[in-house]
Every structure is written in C-alpha cells, then in structure tokens.
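A lone chain, given as structure tokens: the form predicted on its own.
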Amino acid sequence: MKLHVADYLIILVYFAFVITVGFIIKKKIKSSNDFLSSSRNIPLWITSLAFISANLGAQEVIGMVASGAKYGIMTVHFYWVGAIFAMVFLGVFMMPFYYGSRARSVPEYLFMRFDEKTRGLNAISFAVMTVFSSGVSLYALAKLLEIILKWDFDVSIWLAAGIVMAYTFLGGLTSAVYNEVLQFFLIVLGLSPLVIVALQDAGGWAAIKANLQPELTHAWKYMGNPDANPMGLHFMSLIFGLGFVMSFGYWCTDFLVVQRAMIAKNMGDAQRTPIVAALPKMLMPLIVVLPGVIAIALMQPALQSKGYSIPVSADGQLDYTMTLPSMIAHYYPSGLLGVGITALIASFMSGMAGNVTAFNSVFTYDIYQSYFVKNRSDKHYLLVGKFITVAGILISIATAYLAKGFNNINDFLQLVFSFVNGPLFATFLLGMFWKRTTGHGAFWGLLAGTAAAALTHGLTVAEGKGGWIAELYTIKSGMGQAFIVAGVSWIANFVTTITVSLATKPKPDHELKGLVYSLTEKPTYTQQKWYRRVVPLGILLIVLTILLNIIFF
C-alpha cells in the first residue's frame, strides 16, 4: 500500500483538526468538573454519537471485519443480541439511578449504594483495565501502520499517543467527546464506499449467498448444534453468555460508555442517549461486518477473478486481522485511500481517548480524592486530573510496548473483561432492584464471581487457551469459552451476593432513595410526544432488532 501526497494531506488535516478542537475547548475549562465530567452540559446528539464512538475502537472496526470473514453473518449477534437490548435497558431503567444520584462515576455510584470497599475494588480493576485497553489499541494501530504503510513502529506509537494526549490534556472529556463525534463520521464516511464497491464487485448479496456455505450467511439457522456453525456455539450459550451477561455487563456498567450518557444536560437526555445511539448501532454491521463477509466470498472459486484475497500469516493461515486494511488497499485509489486510512487511525484514537478520559475521572475521583488527598481545592483536583491524563497516556505507551512482546495480550485482555464485567452486572442488577442487597454482599459477590471465572478458565480449554489447572472440558472456540466463563462468573456473583446479603445488615430505606428502583421516583413524560419518551422508543428499537434477526435467520 503506497500513500500519495493527497492521502498524507488528508491525514495531516485530521490531526490538525482534532488538536484545534482541544485548543478551542480549553478556553471553557475552568474547574475539575469541566475537565473530568464536562459539567453535564453536552447536547443529546453529541452524547449519543460519542456513546457509540467510545466503543468504535480497534476491536470494533478491525476485529468485527475479521470476525465477519471468519464467522460470517453470525458476527451480527454482537449487535442484534449483544448490544441493542442492553442499551435500551440502560436508558429505561439504569440511567435514572446513575444520573439522579449525581454520581460522577460508576464506582462512585457503588459507593453511594453499597460502601467504600466495593467502590475501591471496582475503581482499581476498572483503572487497570482501561489503561491496558488503551495500550492494546495503541499497539494495534502502530503495528497496523508498520505493516501496511511501512511506518516506523516507535514513531507511530509516539505520534498517535502525542496527538491523543494533546487534545485530551487541553480540553479534557469535552474535547474527547467532540472528537469522538468527528471520528464517528470519519469511520462511517471512510468505510461506506468500500462496502458499496466491494459488494458490487462480488455481485450483490444474492451472489454472496450463492457462493458461500449456508452457515456463513445465516445468523440463527445452524445454532441448534455447536458443531454445525463456525462459532461452535449453541444458541443458549449465546443468549445467556453474550446476550445477557457480557452485553448487559458492558453496556450497563462499564464507565467508559456510561460516562457519555452521564454528561448529558438533563435526565431526559441522559436516558435518551443510549436509546438514540442504539439506532446507528443497529446499522453498524453494514460497515464493520459486511466487508468481512464480502472478503471471504471474494476468495471463493467463482469470484477469484476479482483479484482480491485475504493476506496469509507466517504460519500459512488466513490473517483475518488484515482483512479490512487489505480491502482498503485493493479498492481505494489515491485520495480515497487517505480517507480510508484516516478512518482506521480515527477508530484507534477514538478508543484510546475514551479509555484515557474514563481513567482520569475514576482515578481522580474514586482513588486519589477518596483515599489519598481529601478536601483540597478544586484547582488542585483539576491539576491532578491533567497530570493523570498524561500519566495514563504514558502507561498506555508502556502497555503498547508490553503488547509487542506478548502476542496473546489482547486475548488475555478480553478474558479479563469477561472476568470483571460479567460479575459486575450481577452486583448492579441486585443493587438496583433488591434493596436488601448489602455492601458486604456486593463486595464478596464480586470476588466470588472473579474467582469462579478464573476457575472455569483453568478447567476448560479452547483453541489452546485455558486448562492451566486441568483440562476437564474442551470448548470448540475461544469465543464460546469467554461466554461460558462470563456466565459462570455472573451466577457465582449472584448467588454469593444474595447469600451474604441475607446474613448481613442492609442500609435503611432513607439512605437508598434515588439508588434503588422501589425507592426512587420514576421519571414522567406525560407532556412529551411519544418519540421523545424512552419506553416507546425502546420498544420500537427492540421490535426492529427482532425483525432483523428474523430476516437474517
């Protein structure tokens, strides 16, 4: 792949623009609340697009195209099973607690609902995960640029990290959020032409279905038997592991995305943020799954004359990770190639900036202010927030170099996510809807869930991973193993939390107002038209999602 002057100009204009946004917003940063929480003053359309873009990082763009090539249309389950239902639930049921409690972060809500030790456990585990995730995104970007553009690995890391640090240090969360909106449009506009041209080259969807094995073009039809579908999953494992535990655990409790709704102007906008975001999220498979399906179709005998093939790795296997970059190189001319590469860079930087801004909020509010230096001036915490932003970037760079030495660190990171997010949703579900849940129950439930996840992983093996205690059970795919680990961790947390809570003293009702469903005044929308109310909108989105699942059954 060779870039020309026009392509480099597009990339340079993008870099200049995102830094300029930081300088513009810097003038409005007067307090730590402005820097870390945007003073809850961001418009709905911005929070909604930022909500999607915070998740539209390396894993989403590169990973989902790769999964589309490897697993076919079944990859849409990450959207139509693993996202929309949880986003609707977040908007309708959970945002009133987050926003109404005036909590500045998810760990702070846990402190209000439970106790200090539960907040501390979540804050520390989340802070570690975010900087590791940020570093992995940075590593993946630098590696991608090294492979496809022959850019120096070190230069790529420091350039990308420096730009993210510049606009997040200058404008804080607000700068990151506005740039995430820009990055969303760049990704959509940068990849849409690829989908259109490649789909036409393959002869349309009918030709793709005719040339691919049927299990690659049906989402549900072959899920009754794990051996009959490319993911090696039974539909029950998918529904419970992905559709319930991992989906709700991520979308409803991960501060990285929830933060984008918490900075809305009012309660109504906070609830509508994930609801409005769910519609473009529902359509994202067109951009990030379909190209992978097209790519594998173009390699079939009937379409090999088109001249495209997925690159092969050193061990002779298809390198699915390079599917999207190779398609961009194959189809895009100069100029448009610059747009496509900029879209890739934007996706990685978006994920990194989202992690860094979530990290600096949690570290400043829930670790530094809570455990180390209390009752200092606001100016002090603003300076700390800026310092931690720089520290977060530097730790991310260190993690990126760590990833260079360990090829499986991304798999390890995803496993850690399933360890943490799975049990965490059980804590929130019980805490918000069962007032008898206690802080001791929540804390020991989280520990039990994480321990159960580790035990399950140690006793199962999939694609050579796991089984470090004993290989008692073999799972066909690593993805299936992750869903099972998440499911077991959720059940362990749920049972432990209930058991310990029944044996310990709960908080009195007056301390739980606004934190528990039965003791919280429900928002009313009697004066609003139906399309501004979250429940009708949520029902409409669920119906559309079910229809899409039926169409691609």
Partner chain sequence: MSKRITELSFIIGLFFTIVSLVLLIGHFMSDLLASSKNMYAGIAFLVFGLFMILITKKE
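Positions refer to the first chain, counted from 1. Being a predicted model, the structure only gives us computed values, none of them experimental.
The protein also exists as the form predicted in complex with its partner chain; that form is not presented, and the subsequent description refers to it.
Peer 1: Hey, with its partner chain in the predicted complex, do L9, Y178 and L189 all fall inside the 4.5 Å heavy atom range?
Peer 2: Looking in the predicted complex, the three residues L9, Y178 and L189 all sit within 4.5 Å of its partner chain (heavy atoms).
Peer 1: Would I539 sit within 4.5 Å of its partner chain in the predicted complex, counting heavy atoms only?
Peer 2: The answer is no: I539 has no heavy atom within 4.5 Å of its partner chain.
Peer 1: Taking its partner chain as it sits in the predicted complex, is V197 near enough to touch it, meaning that at least one heavy atom pair lies within 4.5 angstroms?
Peer 2: Output for V197 is yes: heavy atoms within 4.5 Å of its partner chain.
Peer 1: I'd like to check something about G316: if you look in the predicted complex, is any of its heavy atoms closer than or equal to 4.5 Å to a heavy atom of its partner chain?
Peer 2: The answer is no: G316 has no heavy atom within 4.5 Å of its partner chain.
Peer 1: If we define contact as a non-hydrogen atom of the residue within 4.5 angstroms of the partner, is L394 a contact of its partner chain in the predicted complex?
Peer 2: No.
Peer 1: Select from the listed residues I46, V500, V516, I29 the one whose heavy atoms reach within 4.5 Å of its partner chain in the predicted complex.
Peer 2: Only one listed residue qualifies here, and that residue is I46.
Peer 1: Could you tell me which one of S334, S370, S309, T474 places a heavy atom within 4.5 Å of its partner chain in the predicted complex?
Peer 2: Contact with its partner chain in the predicted complex is made by S334 alone.
Peer 1: If we take heavy atoms and a 4.5 Å cut-off, which stretch out of 459-467, 336-344, 351-359, 423-431 is in contact with its partner chain in the predicted complex?
Peer 2: Contact-bearing stretch, as computed: 336-344.
Peer 1: So which bits of 5-22 sit within 4.5 Å of its partner chain in the predicted complex, heavy atoms only?
Peer 2: A6, L9, I10, V13, Y14, F17, V21, in sequence order.
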